[in-house]
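Quick heads-up: it's one chain on its own, the form predicted alone, in structure tokens.
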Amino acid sequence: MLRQWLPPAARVLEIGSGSGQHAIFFARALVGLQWQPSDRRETLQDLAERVALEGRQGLALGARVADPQELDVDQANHWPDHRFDAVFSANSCHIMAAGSVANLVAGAAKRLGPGGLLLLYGPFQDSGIHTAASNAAFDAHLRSLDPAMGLRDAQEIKRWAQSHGLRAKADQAMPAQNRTLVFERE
């Protein structure tokens, strides 16, 4: 999925790296990829252990997985100071509060150079309408666990992105009723 979007030897910041599975997978598949995993403090130790265990061998030519960095999208001082070719986040928007998703979009926009990409993967709704019954059930389950969680509206995310100089480039259907929303820095 990322191969079609990323430039060669891309520098990618991942938001909400969790177990590190995406960092390892993509660094093994994409030549020259420079992947910066990040997550909140409470998951950083497990992420660092996975990267240390699996993130140094078997990588594609020239690919590198950096040491994980603490990043809370709601804390402006947690964001790295340098630019990235892309900011990627998978399956995180629906577990964040809506305000945190808006902060993710705003923070990503500041870290992308012209032509840089924000890629958001996961289940989304459109104008308040679920795209599948399974997504509606998942949304209800998340909200029963925590009212701040739930599937985010792709149209609202597109408006947030546009307000930060990110143009909607693609809305790609993915397996299991997921999508990848792609935005480009103008």
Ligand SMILES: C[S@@+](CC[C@H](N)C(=O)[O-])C[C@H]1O[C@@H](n2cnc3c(N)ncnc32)[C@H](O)[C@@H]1O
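Sequential numbering from 1, following the sequence displayed. Quick caveat, the model's predicted, so the values are computed rather than measured.
Quick note: we don't show the form predicted together with the named molecule, though the next part is all about it.
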Next item on the list: Answer yes or no: in the predicted complex, does the named molecule come within 4.5 Å of a heavy atom in every one of Gly16, Gln21 and Asp74?
Entry: yes
Notebook entry, point to check: Quick one: does Ala109 come within 4.5 Å of the named molecule in the predicted complex, counting heavy atoms only?
Noted result: no
Note to self: Residue-level question: is Ala102 within 4.5 Å of the named molecule in the predicted complex, judged on heavy atoms?
What the structure shows: no
Check: For Ala98, is any heavy atom within 4.5 Å of the named molecule in the predicted complex, or not?
Finding: no
Notebook entry, point to check: Quick one: is Thr43 in contact with the named molecule in the predicted complex, heavy atoms, 4.5 Å cut-off?
Noted result: yes
Checklist line | Interface stretch in the predicted complex with the named molecule - options 65-73, 127-135, 28-36, 151-159, non-hydrogen atom within 4.5 Å | finding: 65-73
Next item on the list: At a 4.5 angstroms cut-off on non-hydrogen atoms, which residues of 152-177 are near the named molecule in the predicted complex? List them in order.
Entry: none
